[in-house]
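Okay, here we've got a single chain as structure tokens, the form predicted alone, with questions on binding and movement later.
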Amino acid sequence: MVGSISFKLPSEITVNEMMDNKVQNIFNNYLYKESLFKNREVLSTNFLPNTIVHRDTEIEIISSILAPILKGYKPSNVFIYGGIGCGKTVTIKYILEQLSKISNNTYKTIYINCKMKKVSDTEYRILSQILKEFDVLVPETGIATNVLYKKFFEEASKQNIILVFDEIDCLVNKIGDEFLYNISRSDSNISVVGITNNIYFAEKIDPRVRSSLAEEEIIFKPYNAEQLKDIISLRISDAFYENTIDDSVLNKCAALAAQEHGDARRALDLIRVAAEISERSGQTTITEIQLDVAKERINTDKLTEIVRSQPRHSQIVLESMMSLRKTSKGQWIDSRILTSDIYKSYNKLCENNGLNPLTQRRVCDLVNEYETLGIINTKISSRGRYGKLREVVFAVNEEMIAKIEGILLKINSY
């Protein structure tokens, strides 16, 4: 039996070699050409600046609340509210860093981002995450939750603890508020710092939990354009080489971010993406043209990330709203949607997916969250003696709606 011999045609080898050369040239060009960036990390959302501007009052109040821990006392619980990118997380991290410089290590700080996957989606996982901070390793399954609570409270009884829950609303949405109740009712010296974008968060938790937490509340207001310009200016002096960006780009970036509810994170992302676009095209400066391209790109990326990261029930609510905008032939219609119809559609989709539906009030809360994110707008209309109706209309264009539909289809196919 004669074996077959496989070989590549010369043309195939040439194509492969050409592609190899192209890719290597891209890497070599990047490696050896001058970069616009002096320090890219400065524009990262995880970067902690040495100076925080326009948050002096909030820093002083929170520092005063947490100061008793330096004398061994348990500080009050603190709940911090404010929109995306208004400096909540960076302020808390700054305060805790300053606190650590003065303390004699008689307390422990634990920071948990509740939006991270496999961190706070069950009581078991959140307790496991906390216990890791005490060097207590917990297997993925197999231990009763009350045993984990007992171990945590044992560790907490040895010292004061500041337990920071960033995006605490995500934690409660996933596992309920019983976890917070158990912590607040324990005899351990645990102080909770909750950070949330949802200003209505406290109203949604059980009154007994709210009473047990007895929290102090601080609201971070959005930055205005001038404040955003100051924040960006401080960062770009460390992020870029001199003469890379001029005031017109800086002013426009601050103005755009101010329109987005004073989002400093948005401003920094705009500058970073604009710089990356300029660098890839071989430019030595960042212009308003690149800033406009960056804005369009971020809008698309931000929306798709929002949809992907939502809890399953929240995604089903969005899918319900989208389905009500379609005719029987699958065509889009420009009509307003009633919240009562959304709940009916949501119930059907839950049944199709084998899920227990949430209450109508909770679904209304999820609709509100999409309005906060800028995906929809709602309007109350009067029907005379028949009462009032709440109508929903999409605030994004058809192209973005089609992208959302594609993301939801992908999620449903898994």
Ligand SMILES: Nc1ncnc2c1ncn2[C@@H]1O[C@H](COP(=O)(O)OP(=O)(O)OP(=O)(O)O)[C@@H](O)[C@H]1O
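All residue numbers refer to positions in the sequence shown, first residue = 1. Since we're looking at a predicted model, the values are computed, not measured.
In what follows, reference is made to the form predicted in complex with the ligand, a form of this protein that is not presented.
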{"query": "Of 174, 210, 229, 235, the one that lies within 4.5 Å of the ligand in the model of the complex (heavy atoms)", "finding": "235"}
{"query": "Residue (of 52, 376, 62, 69) lying close to the ligand in the model of the complex, criterion heavy atoms within 4.5 Å", "finding": "52"}
{"query": "Interface segment, criterion being heavy atoms within 4.5 Å of the ligand in the model of the complex, picked from 337-345, 121-129, 300-308, 76-84", "finding": "76-84"}
{"query": "Exercise: residue 47 in contact with the ligand in the model of the complex, heavy atom 4.5 Å", "finding": "yes"}
{"query": "Distance check, residue 167 to the ligand in the model of the complex, heavy atom within 4.5 Å", "finding": "yes"}
{"query": "4.5 Å heavy atom contact, residue 152 to the ligand in the model of the complex", "finding": "no"}
{"query": "Proximity of residue 268 to the ligand in the model of the complex, heavy atoms at 4.5 Å", "finding": "yes"}
{"query": "Check all three, 37, 239 and 278, heavy atom within 4.5 Å of the ligand in the model of the complex", "finding": "no"}
{"query": "In the model of the complex, shift in Cα separation for residue 288 relative to residue 373, 3 Å or more", "finding": "farther"}
{"query": "Distance direction in the model of the complex for the C-alpha atoms of residue 372 and residue 255, relative to the displayed form (3 angstroms or more)", "finding": "farther"}
